[in-house]
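Here's a solo chain for you in structure tokens, the form predicted on its own.
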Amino acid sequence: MKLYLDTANVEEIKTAASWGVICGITTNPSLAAKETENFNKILTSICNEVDGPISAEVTSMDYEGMVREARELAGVHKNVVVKIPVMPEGLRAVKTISAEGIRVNVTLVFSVNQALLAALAGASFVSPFLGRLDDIGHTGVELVRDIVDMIDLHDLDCQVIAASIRHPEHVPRVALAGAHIATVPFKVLEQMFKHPLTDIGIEKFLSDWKKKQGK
């Protein structure tokens, strides 16, 4: 399974990229709104930092607007993947722009039906939102597993990005559920390194070495 970083913050991206564990980025309008710079400038900076798929989302809700924005975003860099929400006008846009060779990440997926429709329309990626399902008493990981099974069973050319990841435990669970990609916030990525026994072990090793050196 691959890891993407879910952020529009260039400094977070630089740090995560230096660790050698991420190979793509997902953004959305909420994440972009937290930053002060123009989004196209941010998007260019992100593409210069990470040589992998960079998801950037349209904000129009009509077919013509989505297609126009998708072409503009795709023109920023060859690695840009256009994010479009799963809705009738959105999938109509997916059909058009995917036929032009623009990769699409269909977002805000909460059911197998929505994932199937997105894949059939030409999406390269579908993004089921785990955390938001968990918030209303459903099990987001089960949705990821069902979508992966459906895609594999019917040999659909589409990858599953597990999104809306809220805590480190989500990551191994979606990996075991077969997700092709998990996109994680920077805080969760940091937490993935942590284990109390690792900290204790490092402290013990260093303490023993200092004793050996007579320090």
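The numbering used is simple: start at 1 and walk along the sequence shown. Bear in mind the structure is a predicted one, so any value in this text is a computation, not a measurement.
The form predicted in complex with ligand G3P is left out here; the points below concern that form.
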* Determine which one of 173-181, 63-71, 39-47, 25-33 lies within 4.5 Å of ligand G3P in the model of the complex, judging by heavy atom distances; exactly one does. => 25-33
* To do: State yes or no: in the model of the complex, is some non-hydrogen atom of Ser164 no more than 4.5 angstroms from a non-hydrogen atom of ligand G3P?
  => yes
* Can any non-hydrogen atom of Arg132 be found within 4.5 angstroms of ligand G3P in the model of the complex? -> yes
* Would you mind checking 1-20 for residues with a heavy atom within 4.5 Å of ligand G3P in the model of the complex? => Asp6
